[in-house]
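First comes one chain, alone, set out as structure tokens in the form predicted alone.
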């Protein structure tokens, strides 16, 4: 199979709370719905999304020796993810995320990383023995693990795809070596560059600023309902979004980047086609609540693209 994707990233259990609005400091608001638990974590979301879209996925992560970890392990195994590098940590708890979702679909997330911080160099070395066609990682795991993943990708001449969340202004992007695709969302772009990517000119300035921080082949800015902005160091392109009614934006960015990586390695590395496909996956994801439960499969995406038109970017 020529579309094996290695995902080195976080695995969390999400606690979901829905509220009319996020409380101010010192204020208490009531949830308008029941709370619930669901699989999450940026790495796990990406791994599950890519698998449902047809990629051969190897997931490298750590979970705790607890109930949440056991549930996550069973889920990943049930959908066919390669489990050789999903490790159970005997000390740390499984990562936990508290997801607050407002009625308009906007979310805010607080993460306890737990076992995610213990992903080791040896874990990553073993994962590369799967001979992936590309590797994807995120910033929800320890910085050392991300840097080691990047180094291994560079040494093995494997394209590195980075979802730049959660962002940190002083993140050492230069330490990651060659990056095939670097993809932040709007808030992450602002944190990393100090530029809010509102207009086309701002997107271009922000993308150029990101390229100055490291060796990046493509910057792909995730702009939500405004689509995606592609920059290759000289030229830019805009891939429009699809018309949908957003219910919950949780995992949309993770699904987008997973779809981007999956389609990029199976279509001959055509970045525009990969972004168009990723926009469809991201759009479908926001039409359903939750993280894992909102991820579409390949057939859903195919039908969606056939039936839907893209938004007007004028």
Ligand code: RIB
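On a predicted model such as this, the values are computed, not experimentally measured, just so you know. Residue numbers count along the first chain shown, from 1.
Keep in mind that the form predicted together with the named molecule is not shown, yet the notes after this line are about it.
Segments offered: 108-116, 143-151, 219-227, 234-242. Contacting the named molecule in the model of the complex at heavy atom distances within 4.5 Å is 108-116. With the partner omitted from this view, the residue of 250, 262, 61, 279 that lies near the named molecule in the model of the complex is 250 [heavy atom within 4.5 Å]. The shortest heavy atom separation between residue 291 and the named molecule in the model of the complex is within 4.5 Å. Though the partner is left out of this view, residue 45 does reach within 4.5 Å of the named molecule in the model of the complex, counting heavy atoms only. Put simply, residue 97 is close to the named molecule in the model of the complex: some heavy atom of it is within 4.5 Å. Residues 12, 14 are the ones in 10-27 with at least one heavy atom within 4.5 Å of the named molecule in the model of the complex, listed in sequence order.
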